[in-house]
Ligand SMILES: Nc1nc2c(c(=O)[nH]1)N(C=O)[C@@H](CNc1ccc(C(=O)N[C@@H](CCC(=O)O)C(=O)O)cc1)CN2
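Read the single chain below, which is given as structure tokens and is the form predicted on its own.
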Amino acid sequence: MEPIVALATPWGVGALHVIRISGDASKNTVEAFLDKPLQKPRHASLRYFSSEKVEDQVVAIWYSEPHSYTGEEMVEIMCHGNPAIAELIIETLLDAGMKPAQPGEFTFRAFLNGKMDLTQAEAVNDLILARSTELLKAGENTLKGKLSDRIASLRNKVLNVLAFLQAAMDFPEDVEESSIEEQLREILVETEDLIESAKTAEILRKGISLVIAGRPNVGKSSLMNALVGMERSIVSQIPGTTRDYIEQYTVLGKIPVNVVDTAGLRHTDDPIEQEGVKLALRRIEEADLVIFLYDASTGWTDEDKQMFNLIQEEKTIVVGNKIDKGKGNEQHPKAYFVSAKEKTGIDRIIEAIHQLMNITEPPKLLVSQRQMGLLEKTLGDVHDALEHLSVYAEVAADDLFSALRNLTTLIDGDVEEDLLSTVFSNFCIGK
């Protein structure tokens, strides 16, 4: 394939930049600008890169075909970390006939040349963008082919069931239907496990929006400061201090969280505060999770109950604050108790967030949205096959053929070219 070139390190000033080249005659093209040829593959060589545009002392590594990331002949040039130097080296190579690499094109070529399957290729980008150690470990497992292995195992099991089903249709007296049903249920369990892992990874990848809501002066701003570990919100004894919303990104336990401190919920004649309450209700509706905070020192009041009725209870954690002042008579039966001022009880809130988001353990594999969609289709197909098995064996076979196509698409890349372009267009340029 025609040679391509791109910067593989982030743009900006640093110790060095890495320029990546892949494709036909990559070595010869680069050597035309070096003071000496590159003699050994996979060896770092100190050279001078010289052209009409730029001169720099570089380290160059040549990778022979197919023993490279892309499976093609490759060269990587490490130059000094001035972006102008990197830009001029790239311009020199473009003038020599190379093409600028498109986002994800190096990994796309690796996929086309059989260096990795589609699940591994997608894991490359997920690994680069991982925002936690849990996602890094899951991404490494996927890149090693562990997701591919599990999907291949599922595919083989579907093939085996199809063979059993075909035999049952041809020789019904020799094959027990219960055996086929048992195998299908095993496939369901394994597919559901992968989907749950995908959902967990998606939460850890994208994070969640957590809104702190409640009446004025119950300590919402103090709780936000305790959660994010810094003085982000203004803390005041005057009710209605927060009239807009304040947000701050943090990581709580394993989950990236955008914490939002909203205006106090109450009936008011102040038009500015009314707008703040409307905005708070909008953010509550959009949130993945809500902490409804009340003053435990005065107890669970009628006003708290009225405001709480405005929120979807299934996505809400109720928290009683100010326990350093004691507790009132009536409390919410499911409340967690904290003192935001003393920063006590915060760990229990973080545990509750993980439980409500169903993050009980880190994902073992990274599963993309595209992959999750195909797994969900597979799950539906296997469910349909179970329903049709005892009455319409031919329809059940069609359901399983559909599941087989989905699983094949996951690992063998039997997909349309525009879908492949979509997958790889989300990558950075030099990957």
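Sequential numbering from 1, following the sequence displayed. Since we're looking at a predicted model, the values are computed, not measured.
Although not depicted, the form predicted together with this ligand is the subject of the following passage.
Considering this ligand in the predicted bound form, the lone stretch of 361 to 369, 44 to 52, 60 to 68, 393 to 401 in range is 60 to 68 [heavy atom distance within 4.5 Å]. Though the partner is left out of this view, residue 76 does reach within 4.5 Å of this ligand in the predicted bound form, counting heavy atoms only. Although the partner is absent here, residue 115 sits close enough that one of its heavy atoms falls within 4.5 Å of this ligand in the predicted bound form. Interface residue remark: residue 20 is counted as part of the site for this ligand in the predicted bound form, having a heavy atom within 4.5 Å.
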